[in-house]
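For reference, the chain that follows is the form predicted alone, supplied as structure tokens.
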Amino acid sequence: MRLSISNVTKRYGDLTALHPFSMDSEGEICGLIGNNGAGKSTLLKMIVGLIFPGKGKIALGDLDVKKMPETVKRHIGYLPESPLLYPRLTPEELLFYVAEIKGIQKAKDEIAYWLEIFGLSEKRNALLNDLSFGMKKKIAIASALIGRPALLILDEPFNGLDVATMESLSEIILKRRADGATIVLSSHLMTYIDRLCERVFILKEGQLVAEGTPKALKTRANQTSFHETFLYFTKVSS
């Protein structure tokens, strides 16, 4: 499903959180990176319809996010940077709740699948409040993945995960891409941005300062490491 972002901006009083930004993506993994306060989370929240741009338009396929936010959300899987889960629900109850909101029919087998994939089958009836941070993060990821949405928005998905789960999640992301999903991935872990993303957008102080494939960006920065490439554009570019 095509994600179209056309000259969106966002201001909070005198602060411009995001200067005019545009992108079109369909069936690819796009990286959105920048230092803290660069405007990444603001853009991601606008894509999912939690906040709306001051100017510009965001659409998923033929659906305008601002005009049809509830319909659009049914096609989106969203992992915020700091997920808030209902502490008195169990993992299974939360996933059934998300499935019901999204209108997913016969979700039982898929819920069982994601609980098994993330090693949480034995914790299906535990209270979320009693689970570790890493386990809660896995449930939040499963909530984003359930229903195999056409658009995945992942804000710092690797934070709080063990190495094995990070690798497993990488494989899941690549599989969703192979199945035709459009994915926007924001992370401070440049290794995963380099490995997974087909295009990368680098923000600095609310402005797009570089865009391209990881390889092309490394060439422009004259670097072999994407970590150093990121530092080059966020320190030097204006």
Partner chain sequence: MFRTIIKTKLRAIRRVLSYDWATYFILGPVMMGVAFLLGRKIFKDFAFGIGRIQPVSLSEETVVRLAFAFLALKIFFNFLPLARRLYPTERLLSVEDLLPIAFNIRYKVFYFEQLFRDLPFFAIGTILLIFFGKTDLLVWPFMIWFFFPGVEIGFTLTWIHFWSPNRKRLGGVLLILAFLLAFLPVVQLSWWADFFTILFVPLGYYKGFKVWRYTDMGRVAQFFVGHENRKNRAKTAALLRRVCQLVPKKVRPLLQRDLILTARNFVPHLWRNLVLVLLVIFSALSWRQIDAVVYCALATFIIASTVSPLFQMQRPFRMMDAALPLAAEHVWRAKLSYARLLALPIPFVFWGIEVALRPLPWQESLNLLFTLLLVGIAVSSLVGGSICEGDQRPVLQYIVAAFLCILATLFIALFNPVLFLLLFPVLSSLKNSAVIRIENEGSA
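Predicted model, so just to flag it, every value in this text is computed and none were measured. Residue numbers count along the first chain shown, from 1.
FYI, the form predicted together with the partner chain isn't displayed, but the following is about it.
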{"item": "Candidate site P80, Y97 and L127: all three near the partner chain in the model of the complex by heavy atom within 4.5 Å", "value": "yes"}
{"item": "One stretch from 48-56, 25-33, 196-204, 171-179 that, in the model of the complex, holds residues within 4.5 Å of the partner chain by heavy atom", "value": "48-56"}
{"item": "Contact flag, T165 vs the partner chain in the model of the complex, heavy atom cut 4.5 Å", "value": "no"}
{"item": "Interface membership of E70, the partner chain in the model of the complex, 4.5 Å heavy atom rule", "value": "yes"}
{"item": "4.5 angstroms heavy atom contact with the partner chain in the model of the complex for I101", "value": "yes"}
{"item": "The partner chain contact at D109 in the model of the complex, heavy atom, 4.5 Å", "value": "no"}
{"item": "Listed residue (I117, A150, L161, L89) with a non-hydrogen atom within 4.5 angstroms of the partner chain in the model of the complex", "value": "L89"}
